[in-house]
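Just one chain follows, in the form predicted on its own, and it is written as structure tokens.
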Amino acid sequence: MDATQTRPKRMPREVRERQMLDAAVAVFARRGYRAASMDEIAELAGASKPLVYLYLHSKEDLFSACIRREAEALISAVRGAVDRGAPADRRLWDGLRGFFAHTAAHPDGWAVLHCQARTHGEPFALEVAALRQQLVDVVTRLITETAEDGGCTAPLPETEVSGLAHALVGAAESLAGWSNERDGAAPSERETAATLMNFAWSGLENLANGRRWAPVGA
């Protein structure tokens, strides 16, 4: 028999890299960036440590690659969940469900983005900040469209829309962490999304209809 016929096929590079990134996300989420070892990542990926270094260069580069991959997946999940032709409240609801469904299905990826990357300074924090800004941009557009669809008599000030978008993204991030880190049964993505939707939609609906809260006696 020809020796070439018995030689195992070489795994495509993109498949091997995906396995390495999957392993790295799991180890970084469990151990943290500093305590994670390239030996453990290589073992979990079923690869040699020299091969991990050959493909992904260094521990810092590997962590950055994990952040980028998980961030792109999260943004794609949120954008893909929104039906651009749906009413404003439905678009916001779908975006929230897309966010919470993804973070619940990928708790290790969310732990890397929300917990690990933020605590280790540049360049990791900058990459997470870029992800957060993309989420804020999506929510900013949804809030603006909500006000317009609701017949808001005057456009909401840009600074107010920006503040609302940051507040909503911050609340979503906090809720995702709360849901994923619970010891007992975690609420479903629908329940978590409804919690935030009920909180946010009442305020947005009031703003769209010109009903603003003001402190008594102010």
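All residue numbers are counted from 1 along the displayed sequence. All values derive from a computational prediction rather than experimental measurement.
Omitted here: the form predicted in complex with the DNA. The next part is about that form.
Only one of Leu175, Ala36, Val169, Ala26 comes within 4.5 Å of the DNA in the predicted complex through a heavy atom, and that residue is Ala36.
Screening 66-74, 186-194, 40-48, 160-168 for residues having heavy atoms within 4.5 Å of the DNA in the predicted complex returns a single hit, 40-48. Taking non-hydrogen atoms only, His57 approaches the DNA to within 4.5 angstroms in the predicted complex. Taking the DNA as positioned in the predicted complex, none of the residues of 83-97 brings a heavy atom within 4.5 Å of it.
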